[in-house]
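Take a look at this single chain, the form predicted on its own, given in structure tokens.
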């Protein structure tokens, strides 16, 4: 059996290890457009902040491919898939045949529409190479602009602030982390960012960059000119899907897969940031571009590719982060698009330096936001993942000291 994996990230690596576990002699090829061995994308921001050496990012040893008997094709980008001919097409016109294929190409930074993007010292924040370039640009830099109020934007702003730069965050939405938290939590986070020295502007987009060779200013849609020596664009990511043949493999936002991570083309699978599957909390297809999801999906895809039928329960968004002095936990669907059919209970706020928001549909918990006192976050996640009915009045759940563990039994 010949297995080909497009993607050298954690989803692809996890799949390869699962295949090798079941098939000692299978032919496994990994195609990756970067030249580095597998590394930790979540740690890239630590390189910018100076808290993590660049050389400490790898998640597998330099002998990984040899030990697992994997053929690595690094620095090579897949540009197409011949579904009928069972081949992957590479940018150099090479064709790689397969019996089973995994699409684990990850995601690319969401592109920005603005003039002057070709100026130097304007960066995305997605790869190890991006981090190297950002660190090199710090020499002589005094002011930075960060675009985006999501996790990437916050991590970039924190890293630059720690390096001693004056940092301005420009956020299109009305508050930071709008994809992860509700407005009350978002306002608490905004106040915390400002309190620690960040300049934050909300409801703002950038229409142009100015400079002579290197960026010297960002110009907003309101015409405001913000002087800067470097810019980091953290506007989120989009599944890497341009090479997927339309009409042969179903694609929506991501590559659509079933519970076994198989696409609509038999023998072709997808996992990680590129995959779209049922979201446990939302009850519909969703793309959750998260490291732990990529690990689990990659492993299950690999097992199915090797012939062991294993179902994946569905994806679930969740994050735990520290925003200066705030501990923030979010899980599931915290901001339903339509509140009909949902019940939301919440308590606390900025004055209490504590906040809890629970979202229920019928008798099931489907989302939660916690700021500080987040110790029971794992229990909330288990309630959502296992769809455990909650028979108590929702108001009791946000009472101080309520023990969610009792709901598991």
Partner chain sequence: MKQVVVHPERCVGCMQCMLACATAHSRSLTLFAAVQETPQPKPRIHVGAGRFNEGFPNRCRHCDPAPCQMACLAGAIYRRDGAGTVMINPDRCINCASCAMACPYGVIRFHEDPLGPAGHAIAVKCDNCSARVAKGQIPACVEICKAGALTYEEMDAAMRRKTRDVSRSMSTDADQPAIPAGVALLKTIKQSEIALSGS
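Rigid core (definition): largest C-alpha set, two forms, superposition within 1.5 Å. Residue numbers count along the first chain shown, from 1. Fair warning: this is a prediction, and the values are worked out from it, not measured in the lab.
Quick note: we don't show the form predicted in complex with its partner chain, though the next part is all about it.
Engineer: With its partner chain left out of view, which of 344, 43, 350, 364 would have a heavy atom within 4.5 Å of it in the predicted bound form?
Structural biologist: Partner contact (heavy atom, 4.5 Å) among the options: 43.
Engineer: Please tell me which of 241, 299, 282, 235 lies within 4.5 Å of its partner chain in the predicted bound form, judged by heavy atoms.
Structural biologist: Filtering the options by heavy-atom distance leaves 299.
Engineer: Between its partner chain and 29, 32 and 70, in the predicted bound form, does every residue show a non-hydrogen atom at 4.5 Å or closer?
Structural biologist: Verified in the predicted bound form; spot residues all out of contact, no.
Engineer: Quick one: is residue 372 in contact with its partner chain in the predicted bound form, heavy atoms, 4.5 Å cut-off?
Structural biologist: No, residue 372 stays farther than 4.5 Å from its partner chain in the predicted bound form.
Engineer: Within 4.5 Å, heavy atoms only: does residue 119 come near its partner chain in the predicted bound form?
Structural biologist: No.
Engineer: Flag residue 291 as yes or no: does it have a non-hydrogen atom within 4.5 angstroms of any non-hydrogen atom of its partner chain in the predicted bound form?
Structural biologist: Residue 291 belongs to the contact set for its partner chain.
Engineer: Since only the chain is shown here, I'm wondering whether residue 320 would be in contact with its partner chain in the predicted bound form (any heavy atom pair within 4.5 Å).
Structural biologist: The answer is yes: residue 320 has a heavy atom within 4.5 Å of its partner chain.
Engineer: Go through 214 to 222, 185 to 193, 312 to 320, 71 to 79 and give me the stretch that gets within 4.5 Å of its partner chain in the predicted bound form, heavy atoms only.
Structural biologist: Comparing against its partner chain in the predicted bound form, the contact stretch is 312 to 320.
Engineer: Going by its partner chain in the predicted bound form, which residues of 370 to 409 come within 4.5 Å of it through any heavy atom?
Structural biologist: 374, 375, 376, 377, 378, 379, 381, 382, 392, 393, 396, 403, 404, 405, 406, 408, 409, in sequence order.
Engineer: Would residue 162 count as moving between this form and the one not shown, using a Cα shift of 2 angstroms or more after superposing the core as the test?
Structural biologist: It does, since the residue 162 C-alpha is displaced 2 Å or more between this form and the one not shown after the core fit.
Engineer: Taking the rigid core as reference, does the Cα of residue 18 move 2 Å or more between this form and the one not shown?
Structural biologist: No.
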